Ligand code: PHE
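Here we start with a single chain on its own, the form predicted on its own, put down as structure tokens.
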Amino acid sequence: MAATGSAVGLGNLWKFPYIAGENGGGAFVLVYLLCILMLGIPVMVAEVMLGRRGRQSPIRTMAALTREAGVGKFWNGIGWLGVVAGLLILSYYSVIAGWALAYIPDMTQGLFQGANAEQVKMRFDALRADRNGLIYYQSIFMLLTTGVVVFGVSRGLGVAVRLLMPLLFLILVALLVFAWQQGDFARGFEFMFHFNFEALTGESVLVALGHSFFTLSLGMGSIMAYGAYMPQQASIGKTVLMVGGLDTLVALMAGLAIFPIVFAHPGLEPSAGPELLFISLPIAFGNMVGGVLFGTVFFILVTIAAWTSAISLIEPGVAWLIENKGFNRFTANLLLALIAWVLGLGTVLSFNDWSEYTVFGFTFFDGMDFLTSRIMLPTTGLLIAVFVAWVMPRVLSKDELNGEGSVAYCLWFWMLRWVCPLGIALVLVYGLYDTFSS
């Protein structure tokens, strides 16, 4: 459940619905599912396996496994890249999650009741322009995150996911029922699962490939850290398949909850981009029976999803400070949360005071997002695949995964060695090309 909580985040509820909308619906969903199986799952098995074999923070795990494999310290960079990427992502993730937090009281007070598109857009623009308001909600979200991690693996992370993940699924089911009763469910279902291959382009396939990788929280240290806490007798393959399945289920359920609500209102588009969550849906909820209640519930859902992901972003760095620098859990959390919070101020200012200041066309927020999602995460994932499939002695992975005589192990190893490096390299190169060519 902890790994599922890490994987289920804003990407499922915010990004997946709108990129499906932009790339033709059902055909994109099919390609996305294939990419999860062929790219995401094999790399996730490798990352969890490394974590469980090392039994330490990602940084110390990679140092130990590098020594065990008898290779150079270059491969230690996998641990460092993951931990640093997780902290950088947390810095801007907390700001975006703060938007969802801000919408909860707005929904509760009926602020969007009867509102038109212009009024809702004005509210969203006003939120992003309010520097102090953004810092306030960013700070609350950071306190929620550190408040869980400071209590440790069992009493903090364990208790949180046991409570929050079932709650997340219950809320999603309630929203599905609401979409069935109040939305245009038939159109939403057709949009999600109608195979319109004409709308599918080469770029769509690469988008699906990239999202399948990022949605599972790969390459940011959290999955390796959770692997370190995994019982030795537990099956890594079965666990990862379950996590991947639940993560995909949440994305599909979110689409089936969101699209019928959008289709019930003429003028709202399923391909509205990032504005789908913060403009289109508030308009829809504001003009539906029961919209106040279910709009509030929806943004509580978004906050919970962001929360369970955020606690996994800070844990790898906390574990390293405790192991290497003699910190206790409280002071380690405080230091890393403060670093992430200060970096997050740059993202806050990107939407107001610094919005006109860019470097190579990037605002501070754009730059952080580009550095992590387009460079650091795919690079870390690529290095994990290459290290496990080409550098690390095969007998080690075979021992950890009980792979002797296993067809499943042979298939996984073949995909990790040949398919994953090629797929991740495509995502990395395309991301860089797409950014700088435009």
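Bear in mind the structure is a predicted one, so any value in this text is a computation, not a measurement. Residue numbers run from 1 along the displayed sequence. Take the two forms, find the largest set of C-alpha atoms that superpose within 1.5 Å, and that set is the rigid core.
The form predicted in complex with phenylalanine (PHE) is left out here; the points below concern that form.
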Checklist entry - Is there a heavy atom of Gly11 lying 4.5 Å or less from a heavy atom of phenylalanine (PHE) in the predicted complex? => result yes
Checklist entry - Taking the shortest heavy atom distance, is Trp320 within 4.5 Å of phenylalanine (PHE) in the predicted complex? => result no
Next on the checklist: Residue-level contact is defined here as any heavy atom of the residue lying within 4.5 Å of phenylalanine (PHE) in the predicted complex; does Phe259 satisfy this criterion?
Outcome noted: no
Next on the checklist: Please determine whether Phe294 contacts phenylalanine (PHE) in the predicted complex, using a 4.5 Å cut-off between heavy atoms.
Outcome noted: no
Item to check | Proximity to phenylalanine (PHE) in the predicted complex, single hit among Gln138, Ser350, Thr146, Thr215 (heavy atom within 4.5 Å) | outcome: Thr215
Item to check | Among the candidates Tyr93, Phe299, Phe285, Trp99, the residue which, in the predicted complex, approaches phenylalanine (PHE) to within 4.5 Å (heavy atoms) | outcome: Tyr93
Item to check | Segment that reaches phenylalanine (PHE) in the predicted complex - one of 177-185, 106-114, 232-240, 217-225, heavy atoms within 4.5 Å | outcome: 217-225
Checklist entry - Counting only heavy atoms, which residues in 302-317 are within 4.5 Å of phenylalanine (PHE) in the predicted complex? => result Ser309, Ser312, Leu313
Checklist entry - Does Met415 move its CA by 2 angstroms or more between this form and the one not shown when the core is aligned? => result no
Checklist entry - Any chance the CA of Pro17 moves 2 angstroms or more between this form and the one not shown, core superposed? => result yes
Checklist entry - Using the core for the fit, does the CA position of Thr248 change by 2 Å or more between this form and the one not shown? => result yes
